[in-house]
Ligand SMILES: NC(=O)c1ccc[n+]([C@@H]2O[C@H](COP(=O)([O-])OP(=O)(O)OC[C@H]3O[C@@H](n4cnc5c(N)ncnc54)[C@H](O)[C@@H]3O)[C@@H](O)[C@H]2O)c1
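Presented below, as structure tokens, is a lone chain in the form predicted on its own.
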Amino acid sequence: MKNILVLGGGGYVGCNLVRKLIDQGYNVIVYDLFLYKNDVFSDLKNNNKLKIIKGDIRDLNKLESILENINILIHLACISNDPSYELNPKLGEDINFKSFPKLINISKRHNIDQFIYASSSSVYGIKEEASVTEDLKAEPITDYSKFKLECENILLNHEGKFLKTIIRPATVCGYSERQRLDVIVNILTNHAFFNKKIIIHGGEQLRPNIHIDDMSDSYIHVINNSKISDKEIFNVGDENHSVNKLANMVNEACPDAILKKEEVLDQRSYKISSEKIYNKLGFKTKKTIKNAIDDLVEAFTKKKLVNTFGNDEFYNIKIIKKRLNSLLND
């Protein structure tokens, strides 16, 4: 059975994906700084298919010592999203970009079979087209998305023998052992459940989303179709809904919450087409945004997630702010 290294495997999507990989029978090594939460794998501490290594993506010597018997590398590690990145652009560049070409060379030296990179649908920038496909020119407008695109180009143009695939995810939503409550669907649901308010800034802006289980399944689908997915870029999303539609979906799950309209804070409106990954690999989402909302409501009800506004671990930017000095000095 193959050995998989998941960089950033302790993150929001990572800890969900790791569990699915183990269920599929893979041996998994998680390499992560665990900035946000340390005990995301407490339920798997005696599982012999999981090995956890605390480490920084910039520590290339440490990474080289791990790669010896790795077949597949899934790269999820980064300073995630624009606000967290912009707290310290140099740190963001070091973690998200400067370490990347060196990691590619190390992977080549150790003869891995497959390299899967998590990019971002934000690389498209602002598009007027009704269907934003992988064929459209990427025109990133922030440093975060510009460096995501740079990493894509480095990987695709590298001469290494390993198979390579790029995933451009939509915004992920739903419940995870390392929960995020700073993405649109999760934000709305958190406020609706606890504050009984759903605040809509604007409302007509489109947002592509995907259930966290489907997001993880897409990586497994790429692994299972490794040769077909070689040198390919795939958008991975489910539904392109307006913020108004998302708010109404949340309201159905939390009917005692009051909808409130406010001034637009984030005017970005974007949409992606995920037809390519279906047509080429046969991947289709199985869950819906409603499922993600229901999963969060269940987690709140069962007190799996508590102190959801006061606990910094649910908010990437708060943790990065708190640990910025230690990250800069590593």
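Just so it is clear, the model here is predicted, and its values are computed rather than measured. Numbering starts at 1 and follows the sequence shown.
If you look for the form predicted together with the named molecule, you will not find it shown, but the lines that follow are about it.
Legend entry - One residue of A257, I220, I233, V183 in contact with the named molecule, assessed in the predicted complex (non-hydrogen atom, 4.5 angstroms): So the residue touching the named molecule in the predicted complex, by this definition, is V183.
Inset, instruction - Sort through K164, H191, R178, H241 and report the residue having a heavy atom within 4.5 Å of the named molecule in the predicted complex. - result: By the 4.5 Å heavy-atom cutoff, the listed residue in contact is R178.
Inset, instruction - Can you check 51-59, 65-73, 274-282, 297-305 and let me know which stretch has heavy atoms within 4.5 Å of the named molecule in the predicted complex? - result: Every other range fails; the passing one is 51-59.
Inset, instruction - Using a 4.5 Å heavy atom cut-off, state whether Y144 contacts the named molecule in the predicted complex. - result: Result yes; Y144 sits at the interface with the named molecule in the predicted complex.
Legend entry - the named molecule contact at S80 in the predicted complex, heavy atom, 4.5 Å: Looking in the predicted complex, residue contacts with the named molecule include S80, since a heavy atom lies within 4.5 Å.
Inset, instruction - Look up in the predicted complex whether R207 has a non-hydrogen atom within 4.5 angstroms of the named molecule, and give yes or no. - result: Taking the distances in the predicted complex, the answer for R207 is no, it never comes within 4.5 Å of the named molecule.
Legend entry - 4.5 Å heavy atom contact, F34 and the named molecule in the predicted complex: Yes, F34 lies within 4.5 Å of the named molecule in the predicted complex.
Inset, instruction - Verify the flagged residues I29, L103 and G160 against the named molecule in the predicted complex: is each one within 4.5 Å by a non-hydrogen atom? - result: Checked in the predicted complex: no contact with the named molecule for any of the three.
Inset, instruction - For the stretch 167-205, return the residues whose heavy atoms include at least one within 4.5 Å of the named molecule in the predicted complex, in the order they occur. - result: Counting only heavy atoms within 4.5 Å of the named molecule in the predicted complex, the contacting residues of 167-205 are P169, A170, T171, V172, R178, R180, V183.
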